[in-house]
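In structure tokens, one chain follows: the form predicted alone.
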Amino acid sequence: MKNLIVSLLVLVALSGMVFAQGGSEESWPNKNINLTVPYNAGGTTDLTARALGNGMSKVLGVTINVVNTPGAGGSAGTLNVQNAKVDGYTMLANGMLAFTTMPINGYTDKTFRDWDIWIATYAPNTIIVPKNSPYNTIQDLIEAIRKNPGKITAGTAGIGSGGHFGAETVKAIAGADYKHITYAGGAAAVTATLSGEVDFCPQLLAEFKDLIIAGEVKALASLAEEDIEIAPGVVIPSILDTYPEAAKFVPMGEVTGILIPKGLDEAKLAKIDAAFQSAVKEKDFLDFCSLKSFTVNPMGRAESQAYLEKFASKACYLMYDAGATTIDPAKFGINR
């Protein structure tokens, strides 16, 4: 009888543990989520992360805290998330230009295929110069680069950042190199442009739209396919207006979204799916994107992976062919 009672107590205890574990899984998330942005505050990735986080938190029922972790062109924060426990409480917000080229820049052996990804927005690269710059058109800048190879300075958020791709596109059109000055984020690169510390900044339109409208910087061209009117009478010409041969690079810009390393169970992923789909339809999010001239282009996990197969190819081979990296994208199964 004593042994029977002990056995029953053990069974009850085990049942309680199983129930508690099941309840814990069922209640996910039951604490706040950290959303890492691998750049300083104020850039396109950071702005998108905060807007998405606000909307997703309403569905998930917990606060999503944006954690800015800049360094090494966005790789420091990205690797922090890659190496963290995959439990749904540590997520990443990143731009896909920087993210998909991490393997060929030597930061990791993992590719976008090792992550679950939800793409949200697109923002075109735009070429700006200080308001007192001698360059008034994109042709002025291109000619200066051709005449002074390696001397005209470009400020970006770092190697592999969205701005770096803009600079490499300018380089490809000019057929001559520029001098790359890197900063800890897009906002810092824009500040350097305002002060005249660099000759031009090829970051993303959302990061300096208000400065263009206010006349604090001059916008020479965007890397979008068409001219962009950002305010009544304020139109940014497409680079194709002057250099139609740039069509093979355009549109060039940053695609931003939420990411988590593969390994999270499907029940939790389904909750993230639902929160994301709700967030990208919210009026606050849509109004924010309109204000910043983001294109809202939401994609679920499967659609994002299919999209990135082509996107990664374009991004990686632009860098590889320009000599910005010596690692062949084909090593990671990324084909032309």
Partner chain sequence: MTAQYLLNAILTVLTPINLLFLVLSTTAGLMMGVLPGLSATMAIALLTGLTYNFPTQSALIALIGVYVGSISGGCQSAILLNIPGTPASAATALDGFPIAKQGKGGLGIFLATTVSCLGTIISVIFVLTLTPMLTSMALKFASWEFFLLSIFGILICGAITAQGKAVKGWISGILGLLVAMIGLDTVDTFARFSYGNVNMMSGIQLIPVMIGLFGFPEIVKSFKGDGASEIQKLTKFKAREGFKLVGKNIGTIIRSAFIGVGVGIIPGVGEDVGGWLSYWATKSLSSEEEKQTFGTGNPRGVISAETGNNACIGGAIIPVLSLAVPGSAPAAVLLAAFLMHGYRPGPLLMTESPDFVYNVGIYLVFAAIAMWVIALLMAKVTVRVLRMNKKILMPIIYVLCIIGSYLINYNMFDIKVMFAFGIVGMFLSYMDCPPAPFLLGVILGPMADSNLRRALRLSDGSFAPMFQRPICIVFLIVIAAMILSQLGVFRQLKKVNTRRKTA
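Since the model is a prediction, treat every value here as computed from it, not as a measurement. Think of the rigid core as the biggest set of C-alphas that the two forms share within 1.5 Å after superposition. Residue numbers count along the first chain shown, from 1.
Although not depicted, the form predicted together with its partner chain is the subject of the following passage.
**Student:** Can you pick the one in Ala176, Ile228, Leu211, Ala246 that has a heavy atom within 4.5 Å of its partner chain in the model of the complex?
**Tutor:** The residue in contact is Leu211.
**Student:** Find the only residue in Ser133, Thr191, Thr111, Thr242 having a heavy atom within 4.5 Å of its partner chain in the model of the complex.
**Tutor:** So the residue touching its partner chain in the model of the complex, by this definition, is Thr191.
**Student:** Which of these stretches, 114-122, 178-186, 248-256, 136-144, has heavy atoms within 4.5 Å of its partner chain in the model of the complex?
**Tutor:** In the other structure, the partner sits against 178-186.
**Student:** Run the contact test on Asn148, Val235 and Leu318 with a 4.5 Å heavy atom cut-off to its partner chain in the model of the complex and return yes or no.
**Tutor:** No: no residue has a heavy atom within 4.5 Å of the partner.
**Student:** Could you confirm whether Gln82 comes within 4.5 Å of its partner chain in the model of the complex, counting heavy atoms only?
**Tutor:** No, Gln82 is distant from the partner.
**Student:** Should Ala302 be classed as touching its partner chain in the model of the complex when contacts are defined as heavy atoms within 4.5 Å?
**Tutor:** Although its partner chain is absent here, Ala302 would stay clear of it in the model of the complex, with no heavy atoms inside 4.5 Å.
**Student:** Answer for Leu286 alone: is it within 4.5 Å of its partner chain in the model of the complex, judged on heavy atom distances?
**Tutor:** Heavy-atom contact with its partner chain at 4.5 Å: absent for Leu286.
**Student:** Does any part of Thr90 reach within 4.5 Å of its partner chain in the model of the complex? Heavy atoms only, please.
**Tutor:** Outside the cut-off, so no.
**Student:** May I ask you to list the residues of 96-131 that have any heavy atom within 4.5 angstroms of its partner chain in the model of the complex, in sequence order?
**Tutor:** If the 4.5 Å heavy-atom criterion is applied to its partner chain in the model of the complex, 96-131 yields only Tyr107.
**Student:** Once the core is aligned, please say if the CA of Trp115 is shifted by at least 2 angstroms between this form and the one not shown.
**Tutor:** Comparing the forms between this form and the one not shown, which are aligned on their rigid core, Trp115 does not shift its C-alpha by 2 Å or more.
**Student:** With both forms fitted on the core, check whether the Cα of Pro202 differs by 2 Å or more between this form and the one not shown.
**Tutor:** Not so; Pro202 is displaced by less than 2 Å.
**Student:** So, superposing on the core, is the move of Gly185 at the CA at least 2 angstroms between this form and the one not shown?
**Tutor:** Yes, shifts by 2 Å or more.
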